[in-house]
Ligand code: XIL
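One chain comes next, on its own, written out as structure tokens in the form predicted on its own.
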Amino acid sequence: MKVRTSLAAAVLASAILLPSAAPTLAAPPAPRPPGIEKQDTLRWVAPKDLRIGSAVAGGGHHETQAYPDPFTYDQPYRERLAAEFNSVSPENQLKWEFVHPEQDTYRFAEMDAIVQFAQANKQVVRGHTLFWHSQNPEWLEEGDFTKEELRAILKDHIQTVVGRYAGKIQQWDVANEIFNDNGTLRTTDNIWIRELGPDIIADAFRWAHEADPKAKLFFNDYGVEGLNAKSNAYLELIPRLQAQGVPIDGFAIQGHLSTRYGFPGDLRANLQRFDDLGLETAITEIDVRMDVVAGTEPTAAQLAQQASYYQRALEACVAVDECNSFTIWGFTDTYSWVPVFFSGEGEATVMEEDFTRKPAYYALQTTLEQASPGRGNR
């Protein structure tokens, strides 16, 4: 385990970007005894109209790691998940390969446990995801299905999953990552679009709405933080679908960022143009990875840069009226997906392996507090 409390304090005091009128931040407090004070958490200081969330570690790459299922067996992790956040998202527990491993078999136990946890801790849940090109089971991708059979499989999946959690899941990422970076539809690697055509996207939203009319339904994607071909494609598609009566409520930006690249300074402007369409917006999967050689630690400068990225992203969200959900993609480096998928990069979350808070955590906490002068019990 790595303990860098003094480094975090130095970075926080000297390097976090704050609005010019904001007071100077004090250094973080000395390490506290066991237990989490309610008033010293992200959810406590969050504005009442903003959900601050985290992905719930489990499934996917976690199943190949040496540790047992984090959400099930790591009690300190569960305690912090409950204390810090008023929204949770399943990291992998609702992706097709996990929740629908065989054609006639659904695996709901893990997701049921997350929903029960959320209800017990007065948290909302974001559902992720119903329609995607990745993490599909072999039986689906390699099956010999007619178009009619594929359509029936998708409809059954959406209505079974959404229907099971009707009234218990606030928002759904219905269609995930449907565009390539150049703004063209994924007609090659997305089985649904490839085999059934683009109109199936509208059907996915209609079926989800039928299963739970009160849930908010979103498009979700990476690489759409700024004004670019990919986000432009959504800006064109969504009004066209809405004109056809397709029930679309929101547009979500994932926010998987890296300090290798500059911060997307047009994030706020991009969120605003979807807000101008009358949509809700959200940042749903943010993390900020850094170049860190295995066995070493990030420098103070790296931690400061990471903190500024988290802070600027949150500031962009709170500045837009209908950006009402901000979710980090895991809160501790122990269970981060980043080192598994990005060689040489890591340390992407706001807490270290032992839950020591990084400067990025305090950047979020301060930004939330400044956005909510009248804090209240959440």
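Predicted, not measured: the structure shown is a model, and the values here were computed from it. Just count from 1 along the sequence shown to find any residue number.
The protein also exists as the form predicted together with this ligand; that form is not presented, and the subsequent description refers to it.
- Although the partner is absent here, Gln272 lies well away from this ligand in the predicted complex, with no heavy atom inside 4.5 Å.
- Although the partner is absent here, Gln305 is not a contact residue: none of its heavy atoms lies within 4.5 angstroms of this ligand in the predicted complex.
- This ligand is not shown here, and in the predicted complex it never comes within 4.5 Å of any heavy atom of Tyr309.
- For Lys216, no non-hydrogen atom is located within 4.5 Å of this ligand in the predicted complex, even though that partner is not displayed.
- Contact here is defined as any heavy atom lying within 4.5 Å of this ligand in the predicted complex, and by that definition not a single one of Gln119, Gln123 and Lys168 is a contact residue.
- Note on contacts: among Gln135, Thr184, Thr299, Thr72, the single residue with a heavy atom within 4.5 Å of this ligand in the predicted complex is Gln135.
- This chain is displayed without this ligand, yet in the predicted complex the stretch 56 to 64 from 43 to 51, 309 to 317, 348 to 356, 56 to 64 comes within 4.5 Å of it by heavy atoms.
- Contacts with this ligand in the predicted complex, taken as any heavy atom within 4.5 Å, map within 253 to 278 to Gln254, His256.
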